[in-house]
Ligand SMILES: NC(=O)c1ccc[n+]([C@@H]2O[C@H](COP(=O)([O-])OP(=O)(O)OC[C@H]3O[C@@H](n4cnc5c(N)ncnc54)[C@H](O)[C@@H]3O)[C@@H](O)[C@H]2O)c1
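To begin, one chain is listed below as structure tokens, in the form predicted on its own.
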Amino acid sequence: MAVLVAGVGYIGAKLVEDLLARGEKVVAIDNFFSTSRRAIERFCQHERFTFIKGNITDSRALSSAFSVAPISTVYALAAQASAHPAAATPRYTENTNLIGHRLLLDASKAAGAKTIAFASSFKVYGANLPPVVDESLPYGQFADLSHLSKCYAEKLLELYATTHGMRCLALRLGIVYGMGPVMKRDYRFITAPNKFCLQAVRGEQIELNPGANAPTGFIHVSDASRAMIDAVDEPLFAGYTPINAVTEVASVREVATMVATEAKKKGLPDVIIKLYGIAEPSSSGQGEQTKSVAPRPRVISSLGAPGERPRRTLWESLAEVLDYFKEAGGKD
């Protein structure tokens, strides 16, 4: 038996690394839309790794992936995940995130794969979070197609769990950050914490919109991978199960300030943070016009406490990412 990883990008590559480390046979599919093939070449040398180049909207590519070996579990990470307006056309986002997930589920059902672990987003709850966030909280409001599509994919999982008896797990991941096998530099596809680190190394101003004051969930890429594996391993999860996967709650503005503070410790030029349309530029996050940050919600997860999973914090991880980009000179 093997597992299928659909999407070998920032999170998917770490997942592949962890699955191989625990002895799994891994089949992967990716179309290299936002990840270079060079980033995963080392996996292709592994005897228990098979790679299929293709899109999840291509039934022939899916057929090739499922024909490599019997698939027990599908990790669904193939998506146009960026909210950046220049990341992709609306048609591409809809084709990949809507049609692609339906085709992936159909192929999984036809191949007899019983478990689907989908990389959803904590953003399905919207920006205005209540004091306590558990998986029963209704969907919120959205400002981009990428995060809106997560709701469709989750309801699709619920449909297939109900009508076809499949085990469909939706991991609602916080904003993912930290060092992984794939480190992106294209601002269209890089997550905010890592982007701020790269901007600091490049001496660029960090610009934030007013929504940066709202608290949201974060999770290190290693913990995100571990959460997906742990969810699959948990026998109590049956049918359709949404699962919060967040290890810290902070505002994006606070993360930018953390980056500025760490960058200064490392001798980098002062980082200018500007809250777009509200605050004047400031050095290292100091002197910004005062605007209160909303209270931090408490996040409850059906997965429970991290337990024995390695837990990484923003503070230590941002320092590592700064070092990585600094060593590379901030270049692409």
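Residue positions are given as counts along the sequence shown, with the first one as 1. For clarity, every value in this text was computed on a predicted model and none was experimentally measured.
The same protein has a further form, the form predicted together with the ligand, not shown here; the description that follows concerns it.
- The shortest heavy atom separation between residue 8 and the ligand in the predicted bound form is within 4.5 Å.
- Taking the partner from elsewhere, residue 27 is found to have every heavy atom lying beyond 4.5 Å of the ligand in the predicted bound form.
- The closest non-hydrogen atom of residue 253 lies beyond 4.5 Å of the ligand in the predicted bound form.
- Using a 4.5 angstroms limit between non-hydrogen atoms, residue 191 touches the ligand in the predicted bound form.
- Screening 33-41, 63-71, 263-271, 295-303 for residues having heavy atoms within 4.5 Å of the ligand in the predicted bound form returns a single hit, 33-41.
- No residue of the trio 178, 225 and 258 has any heavy atom within 4.5 Å of the ligand in the predicted bound form.
- None of 120, 244, 108, 216 but one reaches within 4.5 angstroms of the ligand in the predicted bound form through a heavy atom, and that residue is 120.
- Residue 150 is the only one in 129-167 with at least one heavy atom within 4.5 Å of the ligand in the predicted bound form.
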